[in-house]
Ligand code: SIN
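Shown here is one chain on its own, the form predicted on its own, set out as structure tokens.
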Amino acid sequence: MKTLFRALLLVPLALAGMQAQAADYTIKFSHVVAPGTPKGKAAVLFADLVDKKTNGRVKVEVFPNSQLYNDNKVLEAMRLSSSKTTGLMAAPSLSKFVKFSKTLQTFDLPYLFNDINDVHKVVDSPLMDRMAAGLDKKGLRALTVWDNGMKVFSIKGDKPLMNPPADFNGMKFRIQSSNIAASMIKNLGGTPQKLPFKEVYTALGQGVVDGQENAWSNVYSKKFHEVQDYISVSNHSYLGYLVVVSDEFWGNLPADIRKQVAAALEEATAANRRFAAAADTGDRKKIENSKYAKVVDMTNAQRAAWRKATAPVWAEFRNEIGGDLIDDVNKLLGR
């Protein structure tokens, strides 16, 4: 999303004189995960950087663990916000934007990315701006993308998820509010169940669902592994977050402050990638050492079977996302 950053940073300073000046601005940063996750750490760092870069003119208040809003409610609150001095900011998962942008569903496609480097190639390209285009008309301003990591599957049962559809038959899986994720589960042989993130641990513990998909940091920080038996290292899709702010608030910030906040966000984004990379190995190791769920790596043949099983999802959503966009992403990734 480098091109979008450049656009933010190059707002003419001359506009500052046309906008109302204020001694203090507040940004309420709402997110649904724990403070120790890559997103949680990046949000705290962002708040600190904003305070320093604006000399205290902007205060960022961070609300983790759905303390202020869940991801769905924060987007609606953001769209309705009209304050010029207090703005809402959030980093919902990319899957949450389906009703605002069909193109952002690209990130949910199973096995689109081989690894996190593939993700960064797309996020740092003009294709990201193309996918986020139009959100401002919905009252949202897209700023950047933050990593969590590649997703793995967990299950409570007598064997790990390895061979679809046999291992998925009769099993219910928690997913985000993503139609692509729902189709993927069905093609693997299971039954999808959309649930808010804060309800997942209880749903797993009570058997409302049998399993779930997530990045390592979320599995560890929310203790999902303590109520699951196996984790299959499928790396089947990417879990990332689109950092957005209320468009009206952002547009009314003085240009110099907007530039400073954007610079703080760029630094926080770079740090987020480091945090996510560390969690990808560190949190996996912690889960393995905990002796709760057993972590099972997949062979290339097994992963190929998952790719084959989920291939129909691409055809199902190609027109909805945009075939040209999917083709351009594949071209960028050298396919």
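Everything quoted here is computed from the prediction, not taken from an experiment. Start at 1 and count along the sequence shown; that's the residue number.
We do not show the form predicted together with succinic acid (SIN), though everything after this point is about it.
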Q) Of Tyr230, Tyr241, Phe97, Phe168, which residue is found within 4.5 angstroms of succinic acid (SIN) in the predicted bound form when only non-hydrogen atoms are counted? A) Tyr241
**Q.** Contact residue in the predicted bound form, from Trp146, Phe173, Phe197, Phe249 (heavy atom within 4.5 Å of succinic acid (SIN))
**A.** Phe197
**Q.** Contact stretch among 158-166, 131-139, 214-222, 251-259 - heavy atom within 4.5 Å of succinic acid (SIN) in the predicted bound form
**A.** 214-222
Q: Flag this candidate site as yes only if Val32, Lys39 and Asp71 all have a heavy atom within 4.5 Å of succinic acid (SIN) in the predicted bound form; otherwise mark no.
A: yes
